[in-house]
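The chain below stands alone and is given as structure tokens, in the form predicted alone.
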């Protein structure tokens, strides 16, 4: 008869946490920040098809770092949950806070009960019609969730990017200034310039006349912002 070696719960959680941190640290960072007309998510991503930033619902966007297949599973689950809630109650009842809580519960269960934790960090953002009506929720691999204000960075160089944003961030930026500064911040830890076609970006703009507030920025738009 074989016996499994005993591992204390504290050590088990520590090992899982370190494992997840290492996986997330290998990924390229994502920045989320508020600007005058809404919310910007921006990341370095040379792939044209494997998106790190996506729409979840009318006024809600999603961004993930870490293992692509895992945060893609979470994105799809979030879309299904939002669609179900919108169909069962009303489209105005779909809130980023509720999605963030659902992600928190799912990731907490995976972290504590499965052998391997998810190697992901995610952002869920929302805008409404008010100038101060912007929400950013940051959900960690262990289910911890925080309500961020102004800006947030996740992924490989998150600490360095956060320090850089603290010095440079201004809540009144227009979109062009927000994009240009965010791209500069993304390249700051390695002291390099990131080309416009290696940038993925999506915005939630409250001034959009249509119900859906999310749109992707094109390469040409980003190039124009960076040249300005």
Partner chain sequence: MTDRVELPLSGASFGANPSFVELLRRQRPEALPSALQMSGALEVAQGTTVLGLRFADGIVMAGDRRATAGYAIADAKMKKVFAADDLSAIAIAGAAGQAVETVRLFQLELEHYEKLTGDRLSLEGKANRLAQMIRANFPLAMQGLVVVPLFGGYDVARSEGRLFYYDATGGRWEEENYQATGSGAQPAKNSLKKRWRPGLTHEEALRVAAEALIDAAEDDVATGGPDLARGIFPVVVTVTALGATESSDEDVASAVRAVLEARS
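Positions refer to the first chain, counted from 1. Since the structure is predicted, the reported quantities are computational estimates derived from the model, not experimental observations.
There is another form of this protein, the form predicted together with the partner chain, and it is not shown here; the text below is about that form.
Although the partner is absent from this view, residue 58 contacts the partner chain in the predicted complex, with a non-hydrogen atom inside 4.5 angstroms.
Using a 4.5 angstroms limit between non-hydrogen atoms, residue 102 is distant from the partner chain in the predicted complex.
At a distance threshold of 4.5 angstroms between non-hydrogen atoms, residue 149 is out of contact with the partner chain in the predicted complex. For the chain shown alone, residue 116 is not a contact residue for the partner chain in the predicted complex, no non-hydrogen atom being within 4.5 angstroms. Highlighted residues 76, 80 and 91: every one comes within 4.5 Å of the partner chain in the predicted complex, counting any heavy atom.
Listed stretches are 81 to 89, 137 to 145, 104 to 112, 153 to 161; the contact stretch with the partner chain in the predicted complex is 81 to 89, by a heavy atom cutoff of 4.5 Å.
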